[in-house]
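First comes one chain, alone, set out as C-alpha cells in the form predicted on its own.
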C-alpha cells in the first residue's frame, strides 16, 4: 500500500511539473540571427599561426598528430637551408576532429591553436579536409610575441649556441676534466 502511494505521489509530481511549464512562454534563441557570445576558452576550428616576424611557427615535429586520439592530423616535414624546419604540407580532417585541444597543448611552438569558430557544417564531407593554406593565418594567435627559434637553442639565423633568450653559453667539457 505504501509503495502504491509513493508511486502515485511521484506520478503526481511529474504531472505537476509538466502542467506548471505548459503555460510558460518558450525561451527560444533564433540561432543564425542571434549568436551567443562564447566563453574565452572555447575550442573549435584549428588554425596555424605565424611568428612575429611572419615566418611559419610549425616545425613539423609530429607531436600534434601523435597525440590526436582520432588521427585527423597529418603532415610532412622538411628543413630549409638556414636550419629551420617546416611542414611541406599539413592536413586536418575536421570531419573526424573531436576538438579536444590535445594538439594545441602538445605543440611546442604555439603554432596550432583552437579558435571559437565552430560553424563547419558542410554537405560534402571532403570539403572538411583542410590543407595548410586553409589553416595558415597572418597573425600570432594567442601568443603574439612568441618566437620558437629565439628560445629553442637551435642554430639558425636567429642565433648560434648560447645566444638565445634564457640560454647559457655552452660548457667546454674538456675544462671539467681533472
Partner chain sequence: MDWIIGIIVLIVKLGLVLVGLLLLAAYLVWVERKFLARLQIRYGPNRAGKFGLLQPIADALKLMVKEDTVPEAADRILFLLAPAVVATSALLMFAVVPFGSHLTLWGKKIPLVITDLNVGLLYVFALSSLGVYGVALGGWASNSKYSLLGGIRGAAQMISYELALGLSLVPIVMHAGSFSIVDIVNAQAKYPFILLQPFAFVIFIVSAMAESKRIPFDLPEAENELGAGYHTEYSGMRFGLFFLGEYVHMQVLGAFVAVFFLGGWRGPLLPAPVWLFIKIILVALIMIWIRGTLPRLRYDQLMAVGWKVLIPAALLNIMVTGAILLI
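Residue numbers count along the first chain shown, from 1. Quick caveat, the model's predicted, so the values are computed rather than measured. For the two forms, the rigid core is made up of the largest set of C-alpha atoms that agree within 1.5 Å on superposition.
The next section is about a form of this same protein that is not shown, the form predicted in complex with its partner chain.
With a 4.5 Å cutoff on heavy atoms, residue 39 does not count as touching its partner chain in the predicted bound form; it lies far away. Its partner chain in the predicted bound form comes within 4.5 Å of no heavy atom belonging to residue 138. Proximity of residue 33 to its partner chain in the predicted bound form: non-hydrogen atoms within 4.5 Å are present.
Not displayed here, its partner chain is kept clear of residue 54 by more than 4.5 Å at the level of heavy atoms in the predicted bound form. Residues 11, 14, 15, 18, 19, 21, 22, 24, 25, 26, 27, 28, 30, 32, 33 of 1 to 34 are found to place at least one heavy atom within 4.5 Å of its partner chain in the predicted bound form. A displacement of 2 angstroms or greater separates the C-alpha positions of residue 27 between the shown form and the other one, with the rigid core held in common.
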